[in-house]
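A lone chain, given as structure tokens: the form predicted on its own.
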Amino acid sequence: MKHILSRTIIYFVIGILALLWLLPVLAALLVAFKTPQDFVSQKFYELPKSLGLITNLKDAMSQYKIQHHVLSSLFYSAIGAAAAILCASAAGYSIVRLRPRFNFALFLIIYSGTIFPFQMYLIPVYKFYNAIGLYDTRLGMVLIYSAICIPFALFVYRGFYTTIPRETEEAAKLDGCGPVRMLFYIFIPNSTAPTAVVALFQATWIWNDLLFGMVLTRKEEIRPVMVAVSSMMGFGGTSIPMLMSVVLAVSIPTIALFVFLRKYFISGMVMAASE
């Protein structure tokens, strides 16, 4: 009886906390579906009289060209995360299996990129980009996003590659696999779970980045979507329903990525916790 009572209390408290966490989200969703007229005349918790989500998004696309920023962020997230996965997996394989001199020192040097705050990179990167012509270019954004994502990705791959049995590697060597074929035919195909973890975390971080996108870009067609969302409030007072509609729309890609990778993501997190 005591056990049932304690479980009931725990579930009740968890339910209350979940409701409190969901209330701001529900309020934001209600605002996103309202027209500007409904937003002014209604309480924030009241249901909209007419659905204004599509109209709000059309207005944002015509006034702020938000679709161009979305395409830029999709490009940066996909290419940046893919480049980080490729480079980090190769570096992790080299450090764990090829074991060059000072391999652990090399790992610490690369991983130190996660220790320092990103703000300390801004001025050097800004000056360097201006000097070599990478400022306000898509290539420059892809390079900085890839470089920022590599340290965490290397940490994940290095930990996973230590769990791959050496017998598998020895059998592949007997079949004539060299280091490059070993990486692409043995290690990367068996790295689905860590790759999903890295892809989800890094693509989401690139998509949500505001700092580098604001400092290293100027043209509207180059700037990522979060810079556009943050600057919408500066154009003569953007309507709140339009802003919340854009926020809701730009959240869909990261949510869809998590739903698509959830099985591999959960297995990767369980694997990391068990190590």
Partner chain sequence: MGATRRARNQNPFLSYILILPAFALVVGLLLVPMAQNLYYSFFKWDGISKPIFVGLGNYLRFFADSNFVQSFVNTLIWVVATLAIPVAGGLVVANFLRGLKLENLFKSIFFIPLTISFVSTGAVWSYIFSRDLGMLNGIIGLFSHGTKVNWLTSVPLNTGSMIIAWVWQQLGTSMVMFLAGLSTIPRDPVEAALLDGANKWQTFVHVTLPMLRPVTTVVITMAMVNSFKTFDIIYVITRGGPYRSSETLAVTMFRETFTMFNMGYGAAISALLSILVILVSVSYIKGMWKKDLLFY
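Being a predicted model, the structure only gives us computed values, none of them experimental. Residue numbers count along the first chain shown, from 1.
Another form exists, predicted together with the partner chain; not displayed. Remarks below refer to it.
Proximity of Leu53 to the partner chain in the predicted bound form falls outside the 4.5 Å heavy atom cutoff. The partner chain is not drawn, but in the predicted bound form it has a heavy atom within 4.5 Å of Ser231. The partner chain in the predicted bound form comes within 4.5 Å of a heavy atom belonging to Phe39. Among residues of the shown chain, Ile79 is not one whose heavy atoms approach the partner chain to within 4.5 Å in the predicted bound form. Listed residues Pro165, Gly133, Pro189, Pro117 were compared with the partner chain in the predicted bound form; Pro117 is the one with a heavy atom within 4.5 Å.
Using a 4.5 angstroms heavy atom cutoff to the partner chain in the predicted bound form, none of Ala60, Leu71 and Ile222 count as contacting.
With contact defined as any non-hydrogen atom lying within 4.5 angstroms of the partner chain in the predicted bound form, the contacting residues in 140-155 are Leu143, Ile144, Ser146, Ala147, Ile148, Ile150, Pro151, Phe155, given in sequence order.
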